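Below you will find one chain, with nothing else, as structure tokens; this is the form predicted alone, and questions on how it binds or moves follow later.
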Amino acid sequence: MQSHRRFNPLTGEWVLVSPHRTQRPWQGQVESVASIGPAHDPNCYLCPGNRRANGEENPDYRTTHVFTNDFSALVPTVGEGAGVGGQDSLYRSQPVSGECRVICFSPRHNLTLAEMTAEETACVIDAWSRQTIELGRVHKWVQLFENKGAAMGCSNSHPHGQVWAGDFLPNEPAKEDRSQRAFFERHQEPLLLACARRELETGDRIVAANQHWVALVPYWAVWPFEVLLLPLMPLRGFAELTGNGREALADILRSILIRYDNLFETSFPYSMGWHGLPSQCAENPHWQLHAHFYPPLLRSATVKKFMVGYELLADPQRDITPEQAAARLREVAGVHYRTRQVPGAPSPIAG
């Protein structure tokens, strides 16, 4: 119950941990609990056969589907005058180019990753792999991510993720690149592989593990139930992912996300994303492929953590320890709460 700071070796930053603050009363904002929608929503821009906001019609897709984002944050060509207006020692800018895509995980409007089968999850992993490899041929950084739920700013409830690829290395992976490189130079071992092995020895922060992957609440976690997903072997990116590793990844992804939903028996919101070897950087043995999960819920399905005030102006801060969070995630059932039903009753997730 003592306040303390923890160091994040992956970014070189600190986080304040204040376990005693869980006792304070809450009279702030509460989130609404998401309802389960239909298998097909005629008003959804992402459902099969529907017309998108730009007027194009979606194909009648039957599995994971990828298309170019109609409102891309990055575009392939740099417009005239881009990056002009600040090239001195104080104010600088630079032109950037890239492309953005949307990955619809499933044709079903109400089927989240947490409720997909292992085979359906493997289709999403295949899409992640293909997009990373294809876009990585021409772009320096390929960012795969998913924003799930209105609490994380998701504007469309159809389960989907995004791919943003650009000709520059963004801030977060740049920090991770520096830290991983420095650790490797000192120890001749990838930093995140060392973390995975240390966590397996202690077990206090482990959420789930199999032969190829481990999911844990990192020692330096900021978000209440933050999870870091790590390979247990040298693996720099999706291009190096083998068949066994792919199947094990599908298994542990489902384990993480089912536990999230079961924690407060709600469709658990989060932002998640993958960090791997920057494209066209073959001689970088310090990198390890990994995924970050940042869920905002703190006390219940309706109370979330806000990153404001002290967090914005000083250090990030958390109320429960990573060890407490990991224990709670480990202890919840590994079978999704919506599949627990009276024998003979129709499945609550049937199409």
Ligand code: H2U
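What you are looking at is a predicted structure, and each value in this text was computed from that prediction instead of being measured. Throughout, we count residues from 1 along the sequence that is shown.
Omitted from view is the form predicted in complex with this ligand, to which the following refers.
- Checked against this ligand in the predicted bound form, the candidates Ser97, Asn156, Asn210, Ser129 yield a single residue with a heavy atom inside 4.5 Å, and that residue is Asn156.
- Note on contacts: among Arg254, His275, His160, His139, the single residue with a heavy atom within 4.5 Å of this ligand in the predicted bound form is His160.
- Looking at Tyr45, you'd find a heavy atom of it within 4.5 angstroms of this ligand in the predicted bound form.
- Within this chain, Asn69 lines the site of this ligand in the predicted bound form, having a heavy atom no more than 4.5 Å away.
- This ligand in the predicted bound form is not approached by Gln143, whose heavy atoms all lie more than 4.5 angstroms from it.
- Although the partner is absent from this view, Val308 stays clear of this ligand in the predicted bound form, with no non-hydrogen atom inside 4.5 angstroms.
- Not one of Arg197, Leu241 and Gln288 places a heavy atom within 4.5 Å of this ligand in the predicted bound form.
- Residues within 4.5 angstroms of this ligand in the predicted bound form, judged by any non-hydrogen atom, belong to 148 to 156 and to none of the other stretches in 225 to 233, 148 to 156, 181 to 189, 212 to 220.
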